[in-house]
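Next up is one chain by itself, shown in structure tokens, the form predicted alone.
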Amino acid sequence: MKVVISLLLLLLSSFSHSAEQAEQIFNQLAPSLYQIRLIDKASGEKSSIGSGFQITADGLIATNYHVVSGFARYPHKYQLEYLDNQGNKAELTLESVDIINDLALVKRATTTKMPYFTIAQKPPIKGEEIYSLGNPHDLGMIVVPGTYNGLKIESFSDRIHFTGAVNPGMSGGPVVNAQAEVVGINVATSGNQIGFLVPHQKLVDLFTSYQQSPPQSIEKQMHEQLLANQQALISAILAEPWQQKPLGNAVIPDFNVPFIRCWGESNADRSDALVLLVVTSCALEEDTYIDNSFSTDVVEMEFRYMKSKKLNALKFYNIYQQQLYRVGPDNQAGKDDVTEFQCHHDLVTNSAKNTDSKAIFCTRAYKKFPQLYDVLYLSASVDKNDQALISHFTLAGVTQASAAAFTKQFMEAVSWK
């Protein structure tokens, strides 16, 4: 009993200390915290809100790109403004972005030097308590204690796994250590006290680049970042030869990169099923946000193996054809963002000469980001009467060279046993 009471007292003492430290940090940093507002010019009302924090004495403020994306894409429709801890508000200018890491730099006008956040020199240690600050649900600035759990392993772009509540409105707010130094930036949540942060080094890189050479055009800066990222992403996926694994009587690729994750399902437990269906889906579990209706840097693949149990070839073909209608691009894009798909149809045989398929290769171009395309590929086997294999992939925001290299490796990795 004494042991239990001692443990409870220790926990209460720890909680009290944490709460007290969180309050001290908030009071110390509040003058450098802001609500970032996207204002619809026509109505004069807020369209969205986020958080931001000052990083220089002359008014430079860090936030998330997605907080300011409306202005970055449509500056004629929106304007940016801040609200400080005293209730003052004024317009902001957009200075620089890192669309891949979801960061942006905005600036307020100042007449005197102002307090600002210090960026940490090194990351926290795993298990260290850190503090997330922001403006959830437009309720005012708060501080949320949590735990640093290192980088998310399954992510191509570095993200910190944070045990703590990152709520809507806190996006772009700072996360600090016990010394009130920034170690991350709020970016996303998966609920249940699971949050994700952009590492502070990404902000350091953006700030350093801005100091050396401020961008002349935000759209051009975004374009250059998208081009570089797709090259790095596709190169990483193709860097090692793909292994192969069985799917029914077929063989499909087995990807050896941690950021591509695969899931499977089947109807093998259904004794009444006329057709056995086995599905494997693999995807990059993140994308690059451009705006509410446009996302890119998608890599998604799906493989569907079908085998007839009781059907003749004609009835099996009808069910097979229905499965083909399920395929479509896996990213959002509107008519102002991309052209219509242009498609090429062909009959193909793989290099092992053991798989004949009808293939469809479709592309659509990005209107404002030259050299970038969405690619949709679909292959349906035509050389078996009682079984079939459908292979599909979507690549979003890739160059012609990246698309060609990926398509070649994909086609060679799919065959019958």
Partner chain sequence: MEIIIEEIGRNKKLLARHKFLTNKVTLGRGYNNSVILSDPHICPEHLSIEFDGENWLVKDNNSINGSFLAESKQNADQHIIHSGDIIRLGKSFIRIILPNHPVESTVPFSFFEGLIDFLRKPLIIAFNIAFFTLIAGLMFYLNQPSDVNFTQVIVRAIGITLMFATWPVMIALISHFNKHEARIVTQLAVSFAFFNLMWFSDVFESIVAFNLSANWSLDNLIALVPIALAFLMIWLNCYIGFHMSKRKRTIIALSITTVLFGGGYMIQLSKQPDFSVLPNYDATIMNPVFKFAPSSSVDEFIEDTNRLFEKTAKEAQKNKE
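Numbering follows the first chain given and starts at 1. A quick note: this is a predicted structure, and the numbers were derived from the prediction, not measured.
Another form, the form predicted in complex with the partner chain, is not on view; read the next lines as being about it.
Checked against the partner chain in the predicted bound form, the candidates Leu60, Leu376, Leu33, Ile49 yield a single residue with a heavy atom inside 4.5 Å, and that residue is Leu376. With the partner omitted from this view, the residue of Lys152, Lys315, Lys77, Lys245 that lies near the partner chain in the predicted bound form is Lys315 [heavy atom within 4.5 Å].
Of the stretches 291 to 299, 320 to 328, 112 to 120, 140 to 148, only 320 to 328 has residues with a heavy atom within 4.5 Å of the partner chain in the predicted bound form. In the predicted bound form, the partner chain sits within 4.5 Å of a heavy atom of Arg364.
Put simply, Glu240 is far from the partner chain in the predicted bound form: not one heavy atom of it is within 4.5 Å. The closest heavy atom approach of Gln24 to the partner chain in the predicted bound form falls outside 4.5 Å. Under a 4.5 angstroms non-hydrogen atom cutoff, the partner chain in the predicted bound form lacks Ile55 among its neighbouring residues. Counting a residue when any of its non-hydrogen atoms is within 4.5 Å of the partner chain in the predicted bound form, the hits in 375 to 390 run Val375, Leu376, Tyr377, Leu378, Ala380, Val382, Asp383, Lys384, Asn385.
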